[in-house]
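Below are two forms of the same protein chain, given as structure tokens: structure 1, then structure 2.
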Structure 1
């Protein structure tokens, strides 16, 4: 009887243990005990999730047979979505394997459609059954809300980074990727971003891809500061009216101007800044272009920035664009139709900053960039977002740019400088350039002046080409002259992180929800101290193997004596 009872008890105990484990596998539950709260959603995300009341369907294209790293990304994505659902059950998700189709033709159709919708394919090498194969996957999701659809890229592409590190940074960025796409789908009032025209800036086709990307979250428009609208009744033109039109924009992108800004342009822009308008200055310090090398083997790069007459304005705000050319040994490649060679005048900037704009971004591709300097400006905080590599050099202009540098790069000893500032973020209260200065007049009266800005931000980059997308020449499947993705070099087939950098900058400046701050959250990977591992390896191995077995033996002995004492009585 007793034996039977013990067997039943044992079986019930085993059953309970099994059920507890089984329930654990079914029910998603976790306590966030990590120091950096890696498993907790930010307040901005929670607020965003609580802001929509219709069903949102997230289709995640991460189902299938993956290596461990991608399985982790898949699991983290699912857990993140479950976490999202805890705040808004209207969010529904489904994991899809895009390769699960009846025929290869259908799979190709699905791939093409996913690419068209903005997801990026990733070639995954897999070792299986002693052989290796390459599988195309789309580590991303399509979010559907209402009648709109938007992509979220779940894998952070980083040139030169190991797959493991890419997965880690992708997991860190998961909340931002998903939340930012949700924001794009759900926000009704989109801030207005303008592209300044009037000084031979880049045209709409040259900034088409960036503008298209921006249009997910923002309204985008051109603004020609030189074109004044006349009053419909008396046909008068008004500077104040132009200022009002300019001030409608929440941010203004000044992309590679090539003609001088006159005093009125500067006044309008200055007052725009004083009234809280965000600005992104993408300025070339020197005049240089690869086109100049198509006819001759060398050309003279001439100073350009002085001609723009923006020195005084930017100097007042706290930055100076130098009329030099930065050479860097860590450089993007140029295809000479035989091979791809690094071209020292195309710095490939690996963002080192932990600032949310630049953190964990792919390399940024600059072309004939100029260095920046910070200058004293009271109340303005300066953050250097992009710096050259430790092997860089500044060459004063006019300087000869020779094709010979492509085949015989200058010796390494000449690249002695390190961390030359190439992009600076300015934040704070800016002082007006027109404070204590003669202002433009309208109707004989000086125009009104706001001498100090409200809290404002501006980004200055020493290269105008950072925003310029190439036009298709190489790909026969696309029309010639069609804009290519920003940061994609069709001649080398490399994708750089220019677009993410600029989009992050706009998000940082215009997003009041604080969503962009999620990007700066760093999840520490707590690795073992290799020195200690080396020294104490044996002792820890002994501790780990002997202590548990000795403890069990000790418990057995104690139990034996306890039972002996109890039952001998």
Structure 2
């Protein structure tokens, strides 16, 4: 009888196990018990992972002997990829040590290939066996899907940040870095981003690196607003046709214009905004250039923005560009061939905003920037993304810019202003500039007007050089005149975060999946208190050693007396 009952219980147990597994196969779910939902992917990432059905191979170059911080980055990367794979088993990954090669020459070849493919080398100082050494690592991954390959940088550059803080922000950014690269590989329908031409804006070579970076996720093209194309059927030239061609673009970058916008230009851009086109205005308030200092020791910076005739348009949208020059004691350096000196007219902006466009970015490099002001515009939200440091000053133009300021910076007392706005994001429903104004005519009739936009966004920056990449003149291993990475200053060897800032802005405006919102997520990195560990080490060692042993002994004694009492009866 007892034997039969045991068999029934066993079969019942097996049945329950099969039933639970069957239900589990029908409905996938995971439980994340951490307070900040550390192991929960965003809906945008899950949707992205479920969008591809072919094998994606991820090669992570983070294997080897690392200090504790990089071991944590390695572990978090592995856990993140495990999470990714839980939603799509087609994602396969491997960790590779790029220094494990038969010879040093082979290792150098591997390093060159990784750099060519877009990964950045990082010089890691290591202390071992009483000595120190420097090891080159590539904290990144190469993702392969079909015949395409794209890099994902896992370590964020942050000037002035401690290595620990750098690792923490990199861990927070892991999901976005990997998911954004997967998006670049799997996205088939890419939005169209344009670079406006017609007012002496920056040319293709000057924005080449930014355009190349954008081309991973977007289609990129130039658009000259002054060039009208004739209709293919009746060869007529029409303003309405030009408006339709402009409206094809999902976003338009206006990079450092230097000639005036006429009324028709402004009408076309205004109606482009009213119809939902995103815009990035990178505008100089004054006319100033380092080239002017190559021939003489000083020059006069003159107002430029008023000449562009964009005051009324941007004022209507809620922002004003001032014709001043911002000086900042927290400044990028200039190499005078003897040493690198801070140049107060090159503000080095450390983003403090928690907005996904600017959060945890490297310092932004501005050159002869002008301040911005917000003005009342009903229904428009303004978010200041970049501000000057607490040691800054505004100088009205015309103003003399002198090399003497490089060698004898003005006294600290002159830099009394703090947080001068330098980049502002506008969001909301914009009102048309031509709502109560005379509109351009075509065929004797005023052109059609849309008086209010749908929900829209635009970014205004008080510096056009934020998007301009340098041309190589220093590196003999590259052709002279080749475009360098945006934000890289070849004379000081410093990489700034200009490219990430602008790419994030485009992603924020055009990515409807919500992937960019992951950047605003914060993870609490719970580090050990080393002083407390040192003081309480022995106590916790005893607790961890004795309590489990005593517990087992106690359970053994209780079990002995329970069995003795039961079977003696």
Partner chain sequence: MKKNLLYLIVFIVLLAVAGYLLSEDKGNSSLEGPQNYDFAIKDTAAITKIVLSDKTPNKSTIQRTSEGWILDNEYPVRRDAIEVLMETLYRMELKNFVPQRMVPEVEKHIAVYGKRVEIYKGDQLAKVIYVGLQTSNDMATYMKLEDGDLPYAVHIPGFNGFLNTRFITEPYLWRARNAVRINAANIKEVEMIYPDSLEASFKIRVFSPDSIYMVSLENQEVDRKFSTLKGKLYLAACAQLKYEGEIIPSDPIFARRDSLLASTPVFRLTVTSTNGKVNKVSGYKIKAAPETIDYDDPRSFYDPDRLHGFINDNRMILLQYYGLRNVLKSKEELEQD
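Numbering follows the first chain given and starts at 1. By rigid core we mean the largest C-alpha set that fits within 1.5 Å across both forms. Owing to the predicted nature of the structure, the values given are computational and were not obtained by experimental measurement.
- Note: the form predicted together with its partner chain is the first of the two, structure 1.
- The two forms, fitted on the rigid core, differ between structures 1 and 2 by 2 Å or more at the CA of residue 536.
- Overlaying the rigid core between structures 1 and 2 leaves the Cα of residue 558 displaced by 11.1 angstrom.
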